[in-house]
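As structure tokens, one chain now follows by itself in the form predicted on its own.
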Amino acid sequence: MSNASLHSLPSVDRPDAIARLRDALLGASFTADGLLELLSAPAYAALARSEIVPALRATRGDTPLETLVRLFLLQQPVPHARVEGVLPVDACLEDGWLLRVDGDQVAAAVDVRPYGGPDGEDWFVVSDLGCAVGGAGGIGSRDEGVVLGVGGASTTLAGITVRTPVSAALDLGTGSGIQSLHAAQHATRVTATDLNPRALHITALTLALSGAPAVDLREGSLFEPIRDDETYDLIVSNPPFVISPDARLTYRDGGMGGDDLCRTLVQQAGERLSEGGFAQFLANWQHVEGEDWQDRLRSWVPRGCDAWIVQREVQDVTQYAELWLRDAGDHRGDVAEYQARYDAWLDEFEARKVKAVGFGWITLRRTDAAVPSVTAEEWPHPVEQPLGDTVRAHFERLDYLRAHDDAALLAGHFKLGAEIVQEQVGLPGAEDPEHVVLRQNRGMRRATKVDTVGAGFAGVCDGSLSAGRILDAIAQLVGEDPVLLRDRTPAQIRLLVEQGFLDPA
């Protein structure tokens, strides 16, 4: 499908004009906080579901903020005279942010959505009209080159990304530029790539309107635009990971068979990472008959990299097909055509022996360790975003465990992690609990079963005594041979360290 029905995009060549537009938006409190105050939480949440009626009801006045919400978020025509008091309207018309419609009215040429940065920054994300979010309502345009704004996947990736100061970061498949916007806050140099030139233009608009530094924009697929001698300390990608039988929509369909795009992305990332660098992706992967999904994902991990793979959700093939057919709005079209498309998705899955599709996060860290550590786990439970610090700490603990054999572990000192609580599980009135559970109230919010020795050990860990000394004291307390206890406990300590219940002091 051609891009003919998409509007031409605003100019990026007049930074002074963009700065004036930004000042006008901020002056009218067109910010994430301002929207929440005006619309109320239910109306704001409804917008994320592509439902605009509550927001229309909340913007029946004529304040500057109500005018901007109607114009940019609800995409309603507004009288020229009403906009004139809020925005530099003639400059916005000249530069392509606004269009003349119906005589004396103006309308937005692009969606402009306030976005709150992690440190309270007031940012703006530009996207194509009606495409600020996807979801069950379907996107506003089915043009091949359409560029979406910030959805749940974008914010998930931004939240799990490790945010340490780096010299070079790469945003692969930048879309509307939200990952580049985040990266520009802690990377000296940011490179953003996309197969879609329209996405690169929109990324430039997002950055400029947010008052962020410009980035190096390059057109091309996956790592094609990257020179052989270039490496990065951080690579992030929310790629077009949808496993579909065709490549209709550039923003979501990878154009390779099955999960090959995600596999290729992960496999090629290793050689693009600097020593100690992180690569973080969202991905879909196939659950194939007769194959363990964890083994499938482990085979993707490139040499020289540790990996942490977290499966957050699994859908059977019918649920998966319905989700993405609805995302494209196919359910609102011709019934026979919808059913034929649905059939084509199921034919594709059947041919590949795919019974379900997993969704989750893949994090690589370049260590060049002789024996890499690869963790693949299912964790569908609630977590506490942002998780960037949790991800970084996970890999630091792996480094520690790799460098310490059991003897060194027993000589080490540990502290209980932040906000860990103990729960005792058993029948009411029983003298002793059946088992003890340690639970995190932060980060991944894990829970793990421990025996009484493990619980006692964790409870005493404050960094002052070595692990061996603590075990000797416990052995004396429970009347057990201290040598045997020292022999059997390191495996449990390793697990508690790996999962973040204990930190090396």
Ligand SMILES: C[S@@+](CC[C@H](N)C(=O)[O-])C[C@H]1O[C@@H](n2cnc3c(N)ncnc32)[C@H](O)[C@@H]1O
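Keep in mind it's a predicted model, so treat the numbers as computed, not measured. Residue indices: 1-based, along the sequence shown.
The following text describes the form predicted in complex with the named molecule, which does not appear among the structures shown.
Novice: Test of understanding: in the predicted bound form, would D194 fall inside 4.5 Å of the named molecule by heavy atoms?
Specialist: Close contact exists here: in the predicted bound form, D194 approaches the named molecule to within 4.5 Å, heavy atoms only.
Novice: Do L172 and the named molecule come within 4.5 Å of each other in the predicted bound form, heavy atoms counted?
Specialist: Output for L172 is yes: heavy atoms within 4.5 Å of the named molecule.
Novice: Q179 near the named molecule in the predicted bound form, any heavy atom under 4.5 Å?
Specialist: Result yes; Q179 sits at the interface with the named molecule in the predicted bound form.
Novice: Within a 4.5 Å heavy atom cut-off, is Q311 in contact with the named molecule in the predicted bound form?
Specialist: Outside the cut-off, so no.
Novice: Report the residue, out of G277, P240, G417, P114, that has at least one non-hydrogen atom within 4.5 angstroms of the named molecule in the predicted bound form.
Specialist: Answer to the contact question: P240.
Novice: The named molecule isn't shown here, but in the predicted bound form which of I235, A199, A183, V126 has a heavy atom within 4.5 Å of it?
Specialist: Exactly one listed residue reaches within 4.5 Å, namely A199.
Novice: So which of 417-425, 333-341, 244-252, 161-169 is the stretch with heavy atoms within 4.5 Å of the named molecule in the predicted bound form?
Specialist: Comparing against the named molecule in the predicted bound form, the contact stretch is 244-252.
Novice: Heavy atom within 4.5 Å of the named molecule in the predicted bound form: which residues of 151-166 meet that condition, in order?
Specialist: Contacts from 151-166: just S154.
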